[in-house]
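Starting off, we have a lone chain in the form predicted alone, written out as structure tokens.
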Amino acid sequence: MYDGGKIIVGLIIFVGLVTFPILYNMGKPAAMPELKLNTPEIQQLQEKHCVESKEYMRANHMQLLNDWRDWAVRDGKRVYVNSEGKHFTISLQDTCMHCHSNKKEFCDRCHTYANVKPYCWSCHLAPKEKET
């Protein structure tokens, strides 16, 4: 093996180049996005509360939306009773997007940060955002 040294050096350089981006960014978290909750709809509300608490929604909103889909489409259930006993219409567009009408500033920022691609808009119409 006459060129063994060159091959080993080439492999070391290749492995170094391939792993450099991973090693360089290790331990450097991306900055969490700032959510824009100051939509005109939210500003007009007397009581500013979501379907559930902020902590619950941050952790479980996708599961809640999946449950709502199953209840509405499969079971015909159209009313959700939250942990405080308040009633809400089960509707992504009329309940959630009524207040969170700034999809690009609210939904998309977090989903991009978390690198998730929700499939909500494969069935639902994406909301038309108002120019502010």
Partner chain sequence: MSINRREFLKLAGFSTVMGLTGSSVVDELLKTKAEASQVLVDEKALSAKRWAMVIDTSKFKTEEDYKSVIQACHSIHNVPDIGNPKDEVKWIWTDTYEHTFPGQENEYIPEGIKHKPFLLLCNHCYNPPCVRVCPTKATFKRKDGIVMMDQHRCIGCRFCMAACPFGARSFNWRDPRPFIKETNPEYPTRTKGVVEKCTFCFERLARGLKPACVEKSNGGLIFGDLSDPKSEVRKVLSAHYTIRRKPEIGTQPSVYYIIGTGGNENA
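Residue numbers count along the first chain shown, from 1. Because the structure is predicted, anything quoted here is derived from the model rather than measured.
This protein has a second form, the form predicted in complex with its partner chain, left out of what is shown; the following refers to that one.
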(request) Could you work out which of 122, 19, 115, 25 is the residue within 4.5 angstroms of its partner chain in the predicted complex, going by heavy atoms? (result) 122
(request) Quick one: from 36, 49, 58, 77, grab the residue that has a heavy atom within 4.5 Å of its partner chain in the predicted complex. (result) 77
(message) Can you tell me if residue 83 lies within 4.5 angstroms of its partner chain in the predicted complex, counting non-hydrogen atoms only?
(response) yes
(request) Considering only heavy atoms, tell me if residue 99 and its partner chain come within 4.5 Å of each other in the predicted complex. (result) no
(request) May I ask you to state whether residue 63 is within 4.5 Å of its partner chain in the predicted complex, using heavy atom distances? (result) yes
(request) Report yes if any heavy atom of residue 42 sits within 4.5 Å of a heavy atom of its partner chain in the predicted complex; otherwise report no. (result) no
(message) Under the 4.5 Å heavy atom criterion, name the residues of 90-119 that approach its partner chain in the predicted complex, in sequence order.
(response) 90, 93, 94, 119
